[in-house]
Each structure stands twice: as structure tokens, then as C-alpha cells.
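Take a look at this one chain, the form predicted alone, written out in C-alpha cells.
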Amino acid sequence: MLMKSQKRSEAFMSKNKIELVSSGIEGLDGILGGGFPLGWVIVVAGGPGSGKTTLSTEFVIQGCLKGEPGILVTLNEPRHHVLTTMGVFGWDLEFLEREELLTILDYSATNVLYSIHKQGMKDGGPSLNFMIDQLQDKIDSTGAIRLMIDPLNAFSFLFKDKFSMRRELHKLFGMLAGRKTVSLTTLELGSSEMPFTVEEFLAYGVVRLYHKKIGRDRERSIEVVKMRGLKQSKSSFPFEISSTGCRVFESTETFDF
């Protein structure tokens, strides 16, 4: 009887085991507890210049370089700006597109966001159904594993109240989780020290980036605030953006920015 109970317990544990996806970013997996959980939606939040977009884009690119399809959803910058700004790190996004490893969905134009709003009104009120359906189809058709949405704040003007926004984000996050992607969604904060937001409460994981002025210089750091189901570091760590991308320093060593 004990053996049957033990087998059922082992089967339950293996069935619910969290599968991790390596970030591909130097030093980041160490403070995450091994990587990002498959199926998780993670908010990467921070103030201006903290590195949200760069870190999240590199996560997708590192997957593409290993043959894992990825999707970049841009809500602020038009596609040609993304190609230019990310090109400074030596990442040839157009090549990855031609190889069908990367898909860039450009929702940056005001008329595109208006279309999302207009379709939502047809459904009985403002919603993200139009975008969720398109994104779901693209994930299914490409087999994308890694995804980035930049930034979530762009949705805020579509909704008059927090309840509506929470409802629609819950639908978006649920679709992404159901598609077994690892989705990094950036969130612009006026200050990295701001209280936690609706987006962060809904997400399965939260990473905050800091860009503090110390003396005459600014220094970057990174903190894993929450990652459900994983044991992660509770400290902040130095974070660097160089000409080749991002790096997290797991020790307290000092370095020049």
C-alpha cells in the first residue's frame, strides 16, 4: 500500500515539474534559479535607460541563435527602429527573419492600436481580443518558444479603469501561458522604486532593473523580485550593457561601466 502511494506521489511530482529555459544571458540564469520557467509570463520593469528592452530582446535573440523560434512584439518603436537600435549589438534581426527564426510584429503605429480598440468595441467594450487572436495564430504557425512584448504600458490608454485592463491582461497572459512560451513583457516605470503595479501582480515572475545615479555616474543593477515555483536570489546584482549585449555579475565584484 505504501509503495502504491509513493508511486502516485512520484508520478504527481514528475508531471508537475517546472521546465526551465536558459536565458542565454551571461550570469542571469544563476540568479533566476536556473532559467525562466516554460509557460511563465515575466514582467521586466524599470525606469528609463535601465535596459528592459535590450535584456528582453537579447533573451529572444539567444533562443533564435539556438534554433528556437521567437517573436518580438513592439508597441512603441516601429520595426525599422528596432532593427537599428538592436543592430548596435551585432544582432542581425533581418537575417533571423529570413531564416524564419524571428518574427517582428509591429503594433507601434497609432492606427494599429486604434484598430485593436475599434475591434474591441465591436466585441462589447475595449479589449485586446484582436491582438490576442493575431498573436496566438503567429505563435501556433511559427512554433515560437520565446516572446517579448515591449511595453505593456501602451495598452493603458485603451481602458478607462483598472478592472478592464486587469481583465484583458489576464486574458493575454493566460493565452501566452497556454501556448507554452516564455514571455518577457517590459513595463516602463517612472522610477524603479515605484510600488508594484497591476501587471506585476498578474505576472508569474517579476524582474526589476535599476539605473541609479551614484555621484557623477549611473550604475545598473538587477533584482529578481518573484519567480513562482523557483528558489531565486533575494539580492540585487550589478548589471552591464556592453557592445555585445547584457551581463549580470553574480558576485559583488566592481567594474567600470
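Residue numbers run from 1 along the displayed sequence. Everything numeric in this text was worked out from a predicted model, so none of it was measured.
The form predicted in complex with a small molecule is left out here; the points below concern that form.
Of the candidates 27, 33, 51, 37, 51 is the one whose heavy atoms come within 4.5 Å of the small molecule in the model of the complex; the others do not. The candidate spot formed by 18, 180 and 229 lies out of contact with the small molecule in the model of the complex, as no residue has a heavy atom within 4.5 Å of it. Using a 4.5 angstroms threshold between heavy atoms, residue 95 stays clear of the small molecule in the model of the complex. The shortest heavy atom separation between residue 241 and the small molecule in the model of the complex is within 4.5 Å.
Note that among 135-143, 159-167, 84-92, 97-105, the stretch whose heavy atoms approach the small molecule to within 4.5 Å in the model of the complex is 84-92.
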